[in-house]
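Just one chain follows, in the form predicted alone, and it is written as structure tokens.
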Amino acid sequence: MTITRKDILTINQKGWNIVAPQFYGGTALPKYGPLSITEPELQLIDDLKGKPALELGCGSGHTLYYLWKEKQASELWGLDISQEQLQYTKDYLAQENIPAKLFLASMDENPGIPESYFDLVVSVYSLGWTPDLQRTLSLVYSYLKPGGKFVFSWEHPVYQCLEYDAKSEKYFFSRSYLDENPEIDPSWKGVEIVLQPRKLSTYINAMTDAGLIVERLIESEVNISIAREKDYAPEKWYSVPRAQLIPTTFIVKASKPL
């Protein structure tokens, strides 16, 4: 069965509208990912005083809040495929009296975002949902000013292949890391969703093909300081034992050439 872009957008928009409450205030700056190193430790994002920032996949608005409060961004822009997520963002930022320009759109389309405008484009645990990675990164390049930065994080592609067998009490590879075909999961978080497995090299090569310069690639070690007692259960998806084998998260900082 061939899964089209339209299929992906239809299924994932419907799914995310349902599961949005489960992710409210979830993975967002200063966190780059579950059990991962954080922005205060990495310092990937410079002070944004007087500078606009754009987030791809803005979720419930907590990363935008961080960019406004902690990095002093002068303008906030964001987009998300889910109406429910966008409503959360609007409500959350409104209660803090923080202005933002928000769009309901897929990351691989431009719904009216200005080009050569942003000093920072960021995506925290969202980029992997795009149905067209190359198109999305080409748009990122177009949004950035010369010298502008792109910072994103996503679940490590090898981590996605690892499963836990309770009987043997061992981890095993449940799928091929080399398989990049989109697949429908009928019961992800209780909803149907389309997952987009991609190799780490696919992300890096797509960035360079779009014209971006990769400055840093981080495969985060376990951040024990944020681990809770339940995070040590080996069967849990994001768990300390699993993350000690394969990083939960990879983080990339790139720039648009001057």
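Quick caveat: nothing in here was measured; it's all calculated off a predicted structure. Numbering starts at 1 and runs along the sequence shown.
Only in words, not in the display: the form predicted in complex with a small molecule, which the text now covers.
Novice: Tell me which stretch of 174-182, 160-168, 137-145, 73-81 has a heavy atom within 4.5 angstroms of the small molecule in the model of the complex.
Specialist: This holds for exactly one stretch, 73-81.
Novice: Does Gly33 make contact with the small molecule in the model of the complex, using a 4.5 Å heavy atom cut-off?
Specialist: Gly33 lies outside the contact set for the small molecule.
Novice: Might Phe250 be said to contact the small molecule in the model of the complex, defining contact as any heavy atom within 4.5 Å?
Specialist: No - in the model of the complex, heavy atoms of Phe250 and the small molecule never come within 4.5 Å of each other.
Novice: Do Phe23 and the small molecule come within 4.5 Å of each other in the model of the complex, heavy atoms counted?
Specialist: Phe23 belongs to the contact set for the small molecule.
Novice: Indicate whether Met107 is a 4.5 Å heavy atom neighbour of the small molecule in the model of the complex.
Specialist: Flag for Met107 set to yes.
Novice: Find the only residue in Ile246, Val240, Leu9, Ile18 having a heavy atom within 4.5 Å of the small molecule in the model of the complex.
Specialist: Only one listed residue qualifies here, and that residue is Leu9.
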